[in-house]
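Only one chain comes next, encoded as structure tokens, the form predicted on its own.
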Amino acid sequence: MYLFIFIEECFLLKVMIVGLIGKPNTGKSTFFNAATLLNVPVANYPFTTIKPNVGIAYLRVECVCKKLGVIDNPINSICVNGVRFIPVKLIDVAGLVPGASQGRGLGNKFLDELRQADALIHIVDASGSTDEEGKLCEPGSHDPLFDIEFVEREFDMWVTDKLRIDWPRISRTVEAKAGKLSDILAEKLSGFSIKEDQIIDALNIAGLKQDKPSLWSDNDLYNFCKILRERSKPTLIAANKADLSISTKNIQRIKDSGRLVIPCASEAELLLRRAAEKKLIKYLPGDSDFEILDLAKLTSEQKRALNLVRDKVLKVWGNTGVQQCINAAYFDLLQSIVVYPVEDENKLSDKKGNVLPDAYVMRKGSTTKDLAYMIHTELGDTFLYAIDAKRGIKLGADYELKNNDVIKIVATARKG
């Protein structure tokens, strides 16, 4: 029905990354397939995923084209009837088991592959039909809250162990007043997609002596790393297998724990997306229902499957949850905004006449100069000012961008 395009790696390097995490056999690979429509192996046994899968998912937003009364022709994204789908990067690593931080089940390697993630979607088997190793068990016999807690604990232990190795040296440096603790930690954790302000926040919340790190106990270091993970790798729970009735009470229990939870049925979403791809149904990712385009083309098995999705998922939860998880990761966890850069502020186009050609996902608090650098380094270096195309006013370098801003960057003539 519509084509999801693959975006060049040069663009992907500039965007935030969300990682999929969880124990084996929770439906992570199915979620990834549904979100990206890439065919990675799926099976009912642990460690089906050995190498990380990296793919393109899409944020779903209301495009500004309708409000501005224009017909757009996007280049870096897709617009379907006023719904804009913007590419984002998703990484899926193999499942974690208890003891992963110590290397059990290649856990150290898998955790290491999540360094670059800015936020995490934790895929959980809400039906309780797989044990902590990911092996099948009687539905409802396993507690998904245990899985959530052990995966969080393994991640925290992994970071703790990384810091513990260098802690004596870090302590000597700080106590000799040869360096500030937050600066040293920022350098040590620079490859973890952790920012210094997040480290400072975690240090302040932990309430530990920053000038005497040698006095920290192992438990102090672990608690600091736990807080740091919460600040630097915000996480939502995708309560998968929500189509099973036994999942309902577990989903409520997870919500009661204070976590951000989205009921999810990744198999249903994958079925709908593949049916839409084959033009059997009309369905956009995140829709609350679908429309059968030609009933005669469907087999009895396909009709039954679609009816089950409608009755067990869409009528119960309002959606399959997959698109909602991706949107929540970027907009709720990462506080992202969408900005539309243009070269002609009057026609809202690029130099080739493409109207609203690009949509960029940026962190809240980003400025016009940040946008210039995101478009191209030279544009940032030669930045003069920006123009708000909606209001027709000039903006300075420190203007904080708002969601759905349409911005023209004005720069000095490029060298050469």
Ligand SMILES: Nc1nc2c(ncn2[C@@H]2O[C@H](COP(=O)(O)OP(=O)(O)O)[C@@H](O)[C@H]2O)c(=O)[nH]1
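Note that the structure is a prediction, hence the values are computed from the model and not measured. Heads up: residue numbers just count along the shown sequence, starting at 1.
Keep in mind that the form predicted together with this ligand is not shown, yet the notes after this line are about it.
Note that among 382 to 390, 64 to 72, 352 to 360, 22 to 30, the stretch whose heavy atoms approach this ligand to within 4.5 Å in the predicted complex is 22 to 30. Residue contact check for Ala265: one or more of its heavy atoms lie within 4.5 Å of this ligand in the predicted complex.
For Leu244, a non-hydrogen atom is located within 4.5 Å of this ligand in the predicted complex, even though that partner is not displayed.
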